[in-house]
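Only one chain is shown below, in structure tokens, and it's the form predicted on its own.
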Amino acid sequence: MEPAIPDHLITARTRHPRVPADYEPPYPSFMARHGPSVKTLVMAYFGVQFRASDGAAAKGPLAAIAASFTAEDGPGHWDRAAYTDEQGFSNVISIAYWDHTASFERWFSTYGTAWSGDDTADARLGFFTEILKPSVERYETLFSAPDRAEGVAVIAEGMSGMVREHAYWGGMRDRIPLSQTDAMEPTGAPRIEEEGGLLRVIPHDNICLIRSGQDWTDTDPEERRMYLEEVEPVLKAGMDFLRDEGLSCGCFANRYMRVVDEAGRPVEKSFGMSWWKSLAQLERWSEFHPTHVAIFGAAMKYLSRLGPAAKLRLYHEVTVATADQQFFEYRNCHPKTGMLKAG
């Protein structure tokens, strides 16, 4: 068993964790580990939005950004996911990760700025760019198994051994290194600035992003049936609540997405991606809201029946970013897109 916070990020605490040092979790979980030289990460979401009837028009931009990821200074990892939003629009998002901000800035100046900034883009399409550049003190990951990384963990040096700080309410916060000294409370409120047809969201400090994923690739037929019939519908109901009514509990926007390959074919992976006013409000929804209580209950029933034989893989990444570590731009998108709902 090892502590969630790696040695080089441990500091003298002014804030205490939720559990004592001799706490032992009831099942194993693991975290991504970056080398000590990694100081900042980049999580960049490049979305295209369209009516289903205009899907063919999105193929060119999607192919272009995929090609740009292979260029010099491109990301260490990227993946793609799709969903239909609350207004009935299709959205496909290419998600890219860097662990070297200078490389990202060089790539972005060449390829990324035009994604949402080009006012000559096809009017049938909406484009948005959502970027976080957190220091490593401001994020955490958690995986149910150590042998298949997802998201930002793919660019990490490796995985930890079994970590202590999980399987209790408050573990998410305790795994973020900054929580040793900082409550990470939000200050200010987001606002929208318009420049021509471009909308830019000016964010507040300590916004929170979670990407929480499910991978049923390796499940046998009976476990797959159990997950898709008994757990996934409950998960979807909670994700739909956050999408439609999340502002009532501090969630600015939620996307429940299906991972797709480059050809747009769905694979057996999904994730929820949510922007929250604060980590504290994400924690309150997770611990107390009936929709998440139902998700947690369905998952625990499922896992208790299967025990160690379960092949479903779960993971998440959680980031709390300062205002200057965030970037949001939208062009030709409907007003409920992403962080536009926050303004």
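Quick note: we count residues from 1 along the sequence shown, nothing fancier. Quick caveat: nothing in here was measured; it's all calculated off a predicted structure.
Not on display, but discussed next: the form predicted in complex with another copy of the chain.
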- Note on the structure: Testing 311-319, 56-64, 293-301, 40-48 against another copy of the chain in the predicted complex with a 4.5 Å heavy atom criterion leaves exactly one stretch, namely 293-301
- Non-hydrogen atom within 4.5 angstroms of another copy of the chain in the predicted complex for each of 69, 89 and 269: no
- Contact residue in the predicted complex, from 162, 125, 167, 82 (heavy atom within 4.5 Å of another copy of the chain): 167
- Note on the structure: another copy of the chain in the predicted complex has a heavy atom of only one listed residue within 4.5 Å, and of 147, 195, 185, 157 that residue is 185
- Taking heavy atoms only, is residue 23 within 4.5 angstroms of another copy of the chain in the predicted complex? yes
- May I ask you to check whether residue 280 falls inside a 4.5 Å heavy atom distance of another copy of the chain in the predicted complex? yes
- Query: Even though another copy of the chain is not shown here, does residue 9 get within 4.5 Å of it in the predicted complex, heavy atoms only?
  - Reply: no
- Considering only heavy atoms, tell me if residue 334 and another copy of the chain come within 4.5 Å of each other in the predicted complex. no
- Query: Within 4-20, which residues come within 4.5 Å of another copy of the chain in the predicted complex, counting heavy atoms only?
  - Reply: 15, 16, 18, 19, 20
